[in-house]
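Shown here is one chain on its own, the form predicted alone, set out as structure tokens.
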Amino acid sequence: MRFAPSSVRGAAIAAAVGAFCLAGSAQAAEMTGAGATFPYPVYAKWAEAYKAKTGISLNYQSIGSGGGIKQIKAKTVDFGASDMPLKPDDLKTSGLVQWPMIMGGVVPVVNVPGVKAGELKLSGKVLADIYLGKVKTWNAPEIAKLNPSLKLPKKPIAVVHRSDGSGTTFLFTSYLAAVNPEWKDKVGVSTAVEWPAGIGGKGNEGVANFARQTPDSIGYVEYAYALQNKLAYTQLSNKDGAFVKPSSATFQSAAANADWAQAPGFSLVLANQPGKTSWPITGASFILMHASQAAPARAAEVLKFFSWAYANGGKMAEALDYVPMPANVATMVAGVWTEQIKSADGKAIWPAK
């Protein structure tokens, strides 16, 4: 499937980070969610527009995918958000329903004097070797060979990674494991791993701040955070051996052949997809809600918000360099809501009345 081309970037990403709370009308209940920092900028934008239209507010805590999964399992929020899809068995055990809400890209970012955004080239193997602590300086032969025209300093590489449970880390390590056997064997794929090197920052915000403030550093963040913080992102070699820059177009290319219908619980990982123009660390962010709802009217209001976002949030998403879910996926998701999200007495709550 193909996607519409991205629109021109919007004026600004939401300035606030961490948690946002958009005040609604006094009579409207506040929706609550928690989890992934990856989609925070677009969720904030959607919430602002939805509040202006309906008066209903959203309080979303940008605490990382691990925290979002814990909170929805504990039933302390209306929905959780995770960039790592839960496996079907986990969904069943926890009584949860999962669907993809938005797609985007994770990008390596560097703070190397004289190196501008999109200039530095890295292969997946070299990137993994940096995070393994094997490639230690910016002028190392492995990096210099890929960048003969760049003057790279003889400086130690300051490695920055996530300190919290993170779907962004899941996508990043999924890519590293796909392209570097040593990473796969020694570190693996997860929302939180035993990092062989580096310092940790909490959330995309924390990694972005560390990378911006630390000379000669490298980190990884969701693309919108790289742009917001004016960080120099790298090029990466993809599965077809081509060096590509991150952009809406290269994220869309990676997502173009996604077959959501064949993935139980929509549990599809898009890392290292084929295609000469595909960005190799592309992924979806997912929403989690309980299948049995003790407060069905409240749950229906939450689903109204997500339905509105599918129908009306595409241009806002594209302006922030996310990839909207295609219409046929939104239709599939609505069918899952009808079939799987019920009141305590087993009645469907979607379509909402």
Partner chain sequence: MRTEPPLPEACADNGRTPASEHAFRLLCRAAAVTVAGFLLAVFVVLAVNAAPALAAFGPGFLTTQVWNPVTERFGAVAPIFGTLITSLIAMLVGVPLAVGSALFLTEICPHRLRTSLIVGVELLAAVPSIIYGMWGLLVFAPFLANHVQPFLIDRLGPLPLLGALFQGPPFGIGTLTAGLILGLMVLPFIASVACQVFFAIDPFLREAAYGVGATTWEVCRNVLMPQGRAGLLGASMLGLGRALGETMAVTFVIGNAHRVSASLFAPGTTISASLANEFTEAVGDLYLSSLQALGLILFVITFVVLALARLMLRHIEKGDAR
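Positions refer to the first chain, counted from 1. As the structure is a computational prediction, the values presented were derived from the model and not from experiment.
From this point on, the text means the form predicted in complex with the partner chain, which you will not see here.
Chemist: Closest heavy atom of W195 to the partner chain in the model of the complex, within 4.5 Å or not?
Modeler: Residue-level check for W195: yes, a contact with the partner chain.
Chemist: Please check if L146 has a heavy atom lying within 4.5 Å of any heavy atom of the partner chain in the model of the complex.
Modeler: Heavy-atom contact with the partner chain at 4.5 Å: absent for L146.
Chemist: Is there a non-hydrogen atom of G67 within 4.5 angstroms of a non-hydrogen atom of the partner chain in the model of the complex?
Modeler: Yes, G67 lies within 4.5 Å of the partner chain in the model of the complex.
Chemist: Taking 4.5 angstroms as the cut-off for heavy atoms, does N204 touch the partner chain in the model of the complex?
Modeler: Contact with the partner chain, no.
Chemist: So the partner chain isn't shown here. In the model of the complex, which residue out of L150, V126, L91, V189 has a non-hydrogen atom within 4.5 Å of it?
Modeler: Of the listed residues, the single hit is V189.
Chemist: Looking at N209, N180, S267, Q228, which has any heavy atom no more than 4.5 Å from the partner chain in the model of the complex?
Modeler: None of the others qualify; the residue that does is N209.
Chemist: Just to confirm the contact call: exactly one of 274 to 282, 98 to 106, 157 to 165, 234 to 242 touches the partner chain in the model of the complex at a 4.5 Å heavy atom cutoff, so which is it?
Modeler: So the stretch in question is 157 to 165.
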